[in-house]
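Below you will find one chain, with nothing else, as structure tokens; this is the form predicted alone, and questions on how it binds or moves follow later.
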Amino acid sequence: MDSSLTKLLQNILATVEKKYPYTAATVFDTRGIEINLDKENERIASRQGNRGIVLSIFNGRYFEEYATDIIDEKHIDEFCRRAFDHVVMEEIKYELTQPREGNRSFRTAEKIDPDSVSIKNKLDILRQRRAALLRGKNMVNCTTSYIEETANKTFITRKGTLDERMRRISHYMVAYVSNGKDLKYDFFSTGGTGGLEIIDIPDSTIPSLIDSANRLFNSESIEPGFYDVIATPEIAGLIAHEAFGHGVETDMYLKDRARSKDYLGEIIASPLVNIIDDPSLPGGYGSYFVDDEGNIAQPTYVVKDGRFIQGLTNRYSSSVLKLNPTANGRRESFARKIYTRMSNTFFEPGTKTPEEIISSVDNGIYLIRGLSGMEDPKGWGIQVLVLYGKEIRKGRLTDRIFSPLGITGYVPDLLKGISMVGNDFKVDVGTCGKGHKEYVPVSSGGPHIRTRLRLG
């Protein structure tokens, strides 16, 4: 960011230091590309639209915010002064935690700088993967995509600046197959923060994807009921995200929309269960160095040894509710307000190997591919949709496949049923909305877990 603009904003904030208990400015500048291919078409588009400044002013009771997409020193000076003229200071009701002093800069570590690889070369990678997909058995169509985003953010107070550059990359492939009667599909995704090395995939990925899509022709519907299940890291992550997602974002507590607030400090899960939200996770798609309120990213134990320890906070909710602050204040763009949001949410690994967990099940289901999830924070219920699962019989996976599958349940019951936790670990790539909007990048995951679930 331009140093003269930073200095201008700091000087403006310093002039109102004694009048307002908290002021900050955040500058966003995001750019990127998106490449999408299917059997017949190729599309390349730029991804821009989050370039602007938001000014945050605490008036003693709540935040007032003003945003502009005109990043020009003359305009910014006038914009800030007019914003402060509109804010009426009230009696201070809540004491906010103050931002750190000093200047720090952060940058995503990259093995292969995406800027050093041309768009043509990136397109060629997708073309090669599309060709490999279309050579597969019963293939009728496919999609391959690549999304690259560089997000620059500078958080400014009179005490200093925090500057970060995040590089996020995601890659998806979908295989569509037909036997002349039915159409089936399966998909692959990878992504995270880092460089172009993120889209390096094993040679077996595409043949395996085509094979799993074709196997769905023989899938069955499952008889609704309770089953012993093993969840892959992908499904475990969906459960963690939905069980301890919006329901523990404590701005929901302020609106009395989350049942979990009544269980702080209570045992709500098996003692094997540890759930963490960690924006500092290296390589996580939901990772960041600094949240949008200037808090340095750090892990938060939401559940520790089965006990509900801590909800996630933004600066306002932690102050009003007198909770330990966490670095989870995030906004979709400079033009949207701050909410408490998840980052990378996952089960912490345990001690069992995946093979040990599978061999422990006499009769059950191995859940493989997550599609979507939703939760009811007020009732603390969740629903997760799974593309398919494999039968487990006498400790071994069989060729019997069930598709699609739905998971439903009450969160404490679901988590208390967890009886084994794997020693492996993986997180995936995703985007999460708050309600029907306010989308931010997230990851979820963990190890393999064994539990008992209602499937249908």
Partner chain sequence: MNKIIDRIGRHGFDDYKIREVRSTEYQLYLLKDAIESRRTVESNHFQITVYVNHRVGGKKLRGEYTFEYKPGADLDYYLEQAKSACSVIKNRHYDLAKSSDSSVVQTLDPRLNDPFKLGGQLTETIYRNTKGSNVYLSSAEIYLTKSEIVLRTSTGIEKSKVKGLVEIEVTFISKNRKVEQELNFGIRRRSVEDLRLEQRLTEYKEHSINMLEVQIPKSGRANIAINASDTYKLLSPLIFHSSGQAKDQGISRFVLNGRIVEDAANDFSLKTSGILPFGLYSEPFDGDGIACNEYTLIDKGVFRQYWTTKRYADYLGVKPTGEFKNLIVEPVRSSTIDIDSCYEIIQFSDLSPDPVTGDIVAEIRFGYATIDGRKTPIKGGSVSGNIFQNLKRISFASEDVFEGNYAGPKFLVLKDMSISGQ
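Just so it is clear, the model here is predicted, and its values are computed rather than measured. If you superpose the two forms and keep the largest set of C-alpha atoms that fall within 1.5 Å, you have the rigid core. Residue numbers count along the first chain shown, from 1.
Absent from the display: the form predicted together with the partner chain. The rest refers to it.
- Although the partner is absent here, R336 sits close enough that one of its heavy atoms falls within 4.5 Å of the partner chain in the predicted complex.
- Looking at R331, you'd find a heavy atom of it within 4.5 angstroms of the partner chain in the predicted complex.
- Using a 4.5 Å cutoff between non-hydrogen atoms, E110 does not count as a contact of the partner chain in the predicted complex.
- When the partner chain is considered in the predicted complex, Y66 lines it closely, a heavy atom lying within 4.5 Å.
- Residues placing heavy atoms within 4.5 Å of the partner chain in the predicted complex fall in a single listed stretch, namely 373-381, out of 373-381, 284-292, 350-358, 193-201.
- Put simply, of I92, L254, I296, L264 only one has a heavy atom within 4.5 Å of the partner chain in the predicted complex, and it is L254.
- Residue L123 is the only one of V117, L123, A131, I309 with a heavy atom lying within 4.5 Å of the partner chain in the predicted complex.
- Contact check at 4.5 Å (heavy atoms) against the partner chain in the predicted complex: all three of G49, P404 and R454 pass.
- Within 4.5 angstroms of the partner chain in the predicted complex, the stretch 428-443 places a non-hydrogen atom from each of H436, K437, E438, taken in sequence order.
- Core-superposed comparison between the shown form and the other one: the Cα of C80 travels 2 Å or more.
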